[in-house]
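Let's start with one chain on its own, the form predicted alone, as structure tokens.
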Amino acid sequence: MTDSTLPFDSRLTSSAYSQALQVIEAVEPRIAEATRAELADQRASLKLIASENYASPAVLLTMGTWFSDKYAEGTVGHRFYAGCQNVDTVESLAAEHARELFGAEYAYAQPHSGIDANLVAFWSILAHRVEGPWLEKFGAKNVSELTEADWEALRAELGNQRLLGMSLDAGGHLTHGFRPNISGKMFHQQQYGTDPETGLLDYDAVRAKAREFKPLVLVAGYSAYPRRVNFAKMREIADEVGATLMVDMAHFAGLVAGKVFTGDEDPVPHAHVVTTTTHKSLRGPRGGLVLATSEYAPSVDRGCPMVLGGPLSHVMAAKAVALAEARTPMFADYAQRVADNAKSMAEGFLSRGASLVTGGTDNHIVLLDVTSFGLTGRQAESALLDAGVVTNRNSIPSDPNGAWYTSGIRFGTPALTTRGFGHDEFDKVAELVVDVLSNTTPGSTKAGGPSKATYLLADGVADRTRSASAEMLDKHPLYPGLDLA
């Protein structure tokens, strides 16, 4: 397809959304107005946030059903509420599609988000590796059979395990052991980084860190690392120190699903537990999944009541639809174009003298170091937004500006690839970004000193950027033919 990778009957979809908005408008017209405005804004902006995408109308419509009204704590066939037979169907289909798509032994479709999925994974690993042997030691079937003293000892044991994850400034995620996050509080944690010269993962350094620290959990995966990871090597390291390998593939799940990442770069054959979101590059609803080997399946299956409450049945239904879409050859073609387009964007930046972390990309992420423009990430993000380019600021390795102001801008290609952008458009996007940042200067604080937040964008730059963007966006309309007037 040339104009969109989300084929649909525009007449039928327009009718469905128009009528839905009329129903909403009768109750709270401001919500209907905001919904129309959001579509208009997304249509008119260059969406380059790596964690955002555009779900198909089928996925979006699936979330607006009466499955939203049903409580269904528990698991398929074992619910704490009656009347869950249809939810069982929905959850079973979502898990089936996930297993088949990723080649996983087990899939759990209940997590509401990626953070929920990671919490389920962490506690499942603790239950399997710590709680299980502890219960066996006392001859108990579950924690309810332990004495209060036994339980206190177990709780101390569960809360004193070690986790080794990728540092935030190297491209890891908050949930990989960042101290202010719950993952940094529930584990005794340390973090590995990247080579200070190349910005690339140094597996020998990770191995040395793991040998020294001896973690129970080794976390791999990233949210802002623009390269692929060798998960076979990460599994070797985990096995050497007796750790469970957990991979968070939330960002690159679509590239795994589309078979862009295979062999050692596919985490599923190598990890004990894999977590992901279902949006981002997978292009589904906002939600999470946990994949696991059969060994860990019983522990993961206790996500409710261990961590989660009632699953969002309407979202699980939408996950099933999105995962079904991802099993098609059309999605595989889309995933390859996501990676190809990231290379095109990276080459566009480099040819114009911009500096990229690791010097390029081989996934869907391009991480731009904006210090060469004399800007902080926050200033660059704001200036680009003024020009209609939607991005997010991001830390870079050893970031001098910290995690709030940052020194980087993270770009992702999934959303605009969904709209049909290709090599030429992404090269043009790089040109527009460099133009905006080259014409932005830092502002001053009230005291007259240099500011990390305020900025000055030269006159006319925002208008010419929006004009050039509009020309490209008009050629690749979002949900073409969908009319909400």
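All values derive from a computational prediction rather than experimental measurement. When you see a residue number, it is the position in the sequence shown, counting from 1.
Although it is not shown, the form predicted together with pyridoxal-5'-phosphate (PLP) is what the next lines describe.
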Seminar exercise, completed: Per contact check vs pyridoxal-5'-phosphate (PLP) in the predicted complex (non-hydrogen atom within 4.5 angstroms), the hit among 150-158, 379-387, 192-200, 222-230 is 222-230
Exercise. Just to confirm, His279 within 4.5 Å of pyridoxal-5'-phosphate (PLP) in the predicted complex by heavy atoms?
Worked result: yes
For this session: Answer with yes or no whether His251 is in contact with pyridoxal-5'-phosphate (PLP) in the predicted complex, where contact means some heavy atom within 4.5 Å.
Result: yes
Problem set entry | Close approach of Ile115 to pyridoxal-5'-phosphate (PLP) in the predicted complex, 4.5 Å, heavy atom | yes
Exercise. Does pyridoxal-5'-phosphate (PLP) come within 4.5 Å of any heavy atom of His173 in the predicted complex?
Worked result: yes
